[in-house]
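This document starts with one chain, in the form predicted alone, laid out as structure tokens.
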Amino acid sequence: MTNTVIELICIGNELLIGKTLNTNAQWLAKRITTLGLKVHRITIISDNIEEIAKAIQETIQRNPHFIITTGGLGPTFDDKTLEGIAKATKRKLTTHNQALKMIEAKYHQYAEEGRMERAELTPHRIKMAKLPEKAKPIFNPVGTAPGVTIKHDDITVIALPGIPSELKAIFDESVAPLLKEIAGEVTFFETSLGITGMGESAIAPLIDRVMHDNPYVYIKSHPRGEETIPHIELHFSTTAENTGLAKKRVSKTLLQLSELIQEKGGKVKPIKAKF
């Protein structure tokens, strides 16, 4: 197991005005958790170089192992993530030959497929190949703009596109193997209980007691009904060295809390179990 610290920075005005639901953050947090690691913080900021640089600098001060950004790698005027990262890390933007070749190959592919007339490298397309000094491109198997990785002291900064299909493809192909290697052979396990007949305030002291007795298991309550008709989902999760230990920890915790709830008159119903 590892104490690797990961922070996400999601970039895009569309996220801040409520036009777009931040599904990228939810997906990344879930994937990272299932790999046996934890996301410690998620930040959302606008498409502004100063704001991006400030957010990166503030995150660097907390010294996480990884900073993963989403959005802002495309060819349009508001795609400013790499400029912000360059400013934050005091690097110049330069055209990266390998990144340019990746982009050129994509446009030739699009032209061959009839998706565009010419595979011309316009200034806006070349823009996607302008990376901070000493950065490396990450192949994008779905779209055009490559992902980018930068080593800043002991911190690895990974910039991913904002288009969900591209973000997921790059993460699963290039980022997940790296994180899995760091996490080692660990397993994340989760399950839930549905509770009726007891309100959240009545269950709270029971959760405190059970979490004290089972420090490796995290329990989170989620109200699903109204105050007059209480229905609570209790979510149990843990990360352990192997599947057997993870299930044993959660099962023990679940059994203890179930018994306490039933003693108080509540009703318990299993909902799901996941790895």
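Numbers for residues come from their place in the sequence shown, where the first is 1. Note that the structure is a prediction, hence the values are computed from the model and not measured.
Below, we turn to the form predicted together with another copy of the chain, even though it does not appear here.
Asker: Tell me, please, which stretch of 170 to 178, 151 to 159, 129 to 137, 111 to 119 lies within 4.5 angstroms of another copy of the chain in the predicted bound form when heavy atoms are compared?
Answerer: Heavy atoms within 4.5 Å of another copy of the chain in the predicted bound form occur in 111 to 119.
Asker: Can any non-hydrogen atom of P205 be found within 4.5 angstroms of another copy of the chain in the predicted bound form?
Answerer: Residue-level check for P205: yes, a contact with another copy of the chain.
Asker: With a 4.5 Å heavy atom cut-off, would you call I17 a contact of another copy of the chain in the predicted bound form?
Answerer: Output for I17 is yes: heavy atoms within 4.5 Å of another copy of the chain.
Asker: Decide whether T76 counts as a contact residue for another copy of the chain in the predicted bound form under a heavy atom distance cut-off of 4.5 Å.
Answerer: T76: contacts another copy of the chain in the predicted bound form.
Asker: Even though another copy of the chain is not shown here, does V39 get within 4.5 Å of it in the predicted bound form, heavy atoms only?
Answerer: Yes, V39 sits close enough to another copy of the chain in the predicted bound form that at least one of its heavy atoms falls within 4.5 Å.
Asker: Whether I45, K220 and H235 jointly form a contact site for another copy of the chain in the predicted bound form is the question; each needs a heavy atom within 4.5 Å.
Answerer: Yes: I45, K220 and H235 each sit within 4.5 Å of another copy of the chain in the predicted bound form.
Asker: Just to be sure I understand the contacts: of L100, A183, I163, A88, which is the one whose heavy atoms reach within 4.5 angstroms of another copy of the chain in the predicted bound form?
Answerer: Only one option qualifies, and that one is I163.
Asker: Though another copy of the chain is not shown, can you say which of A55, V210, L35, A240 has a heavy atom within 4.5 Å of it in the predicted bound form?
Answerer: It is A55 that has a heavy atom within 4.5 Å of the partner.
Asker: Go through 128 to 144 residue by residue and record those having a heavy atom within 4.5 Å of another copy of the chain in the predicted bound form; state none if no residue qualifies.
Answerer: V142, T144 sit within 4.5 Å of the partner.
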